[in-house]
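So this first bit is one chain, no partners, the form predicted alone, shown in C-alpha cells.
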C-alpha cells in the first residue's frame, strides 16, 4: 500500500498545478484570444491607427505631431522651431508632441508664465496666418492635458485655410472643402465640440495637387 504524501507536499503540488493552469489561461490563451479578436475586428486601431503615405508610416491618427520647416533653415541652438506654412498646425504642446514626454505644463490659470505664453502665441499665430489676433480661438493658445492631442477645433482649422491654400498654390475653396470632409461631429452627438484631426487632415492635404 502506497503511503500518502505528506500534507505540505500535496498542498504545494496543488498550488503548482493551479499556477500552471492559470498561467496558461491568463498568460497565454486569454492574450491570444484578445489579440486575435482585436486584429480581426479592429485591425487598424489595434495596430496603432497608423497613417501611411507611399507605403511609409508618417504618423498615427491617435498622436499629434509638429509640422515645422525642415531642411530649409536649420534651427540655431535655443531658437524655437518655425511652423511650416504649407501645413495645418496643431495646438500647442507642453512636451513638443514627444510621446516620451506626455503631460501638461501644470501652470495654473493665474500663472504669469502661462499668460505670457498665451499672449505670445496669439501674436505669433495671428501674424503667421495674417488674421486679427481677436479671431484666434482658445485651443490655438492653450495646450492639451496630454500634450499629444491630434485634434484642433473647427474654428482653428478654418482660420488656417487661407494661409495653407496660399502657400500651396491651391484655391481656398478646395482647402475649405478638405477641412469640411474631415470635420468630426460631437461625441455621441452632444459631448465636446466639432473637431478636426490635424494629422489625418495633413495626410489628405499631401495628396492634393
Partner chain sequence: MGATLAGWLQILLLVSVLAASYRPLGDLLARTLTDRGHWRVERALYRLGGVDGDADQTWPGYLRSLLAFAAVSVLFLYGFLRLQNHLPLSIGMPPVPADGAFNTAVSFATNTNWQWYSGETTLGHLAQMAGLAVQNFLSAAMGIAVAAALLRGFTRRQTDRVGNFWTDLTRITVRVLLPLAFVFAIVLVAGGAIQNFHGVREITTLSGDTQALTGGPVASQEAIKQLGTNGGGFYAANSAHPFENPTALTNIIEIYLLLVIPVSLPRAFGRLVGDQRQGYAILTVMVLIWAVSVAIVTANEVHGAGSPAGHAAGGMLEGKEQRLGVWASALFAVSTTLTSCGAVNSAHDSFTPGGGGMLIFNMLLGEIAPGGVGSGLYGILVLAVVAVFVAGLMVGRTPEYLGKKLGGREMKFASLYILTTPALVLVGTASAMASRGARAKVLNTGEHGYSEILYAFGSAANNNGSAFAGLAAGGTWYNTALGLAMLFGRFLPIVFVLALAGSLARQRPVPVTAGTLPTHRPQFVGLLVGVVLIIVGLTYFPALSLGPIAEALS
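No experiment lies behind these values; they were computed from the predicted model shown. Heads up, when I say rigid core I mean the largest set of C-alphas that superpose within 1.5 Å between the two forms. Numbering follows the first chain given and starts at 1.
There is also a form predicted together with its partner chain; it is not shown, and the following applies to it.
- Every residue of the trio 105, 115 and 138 has some heavy atom no more than 4.5 Å from its partner chain in the predicted bound form.
- Interface membership of residue 53, defined by any non-hydrogen atom within 4.5 Å of its partner chain in the predicted bound form, is confirmed.
- In the predicted bound form, residue 35 approaches its partner chain with a heavy atom inside 4.5 Å.
- Contact check for residue 123: no non-hydrogen atom falls within 4.5 Å of its partner chain in the predicted bound form.
- In the predicted bound form, none of the heavy atoms of residue 181 sits within 4.5 Å of a heavy atom of its partner chain.
- Fitting the two forms on the rigid core leaves the C-alpha of residue 12 displaced by at least 2 angstroms between the shown form and the other one.
- Comparing the forms between the shown form and the other one on their rigid core, the Cα displacement of residue 39 reaches 2 Å or more.
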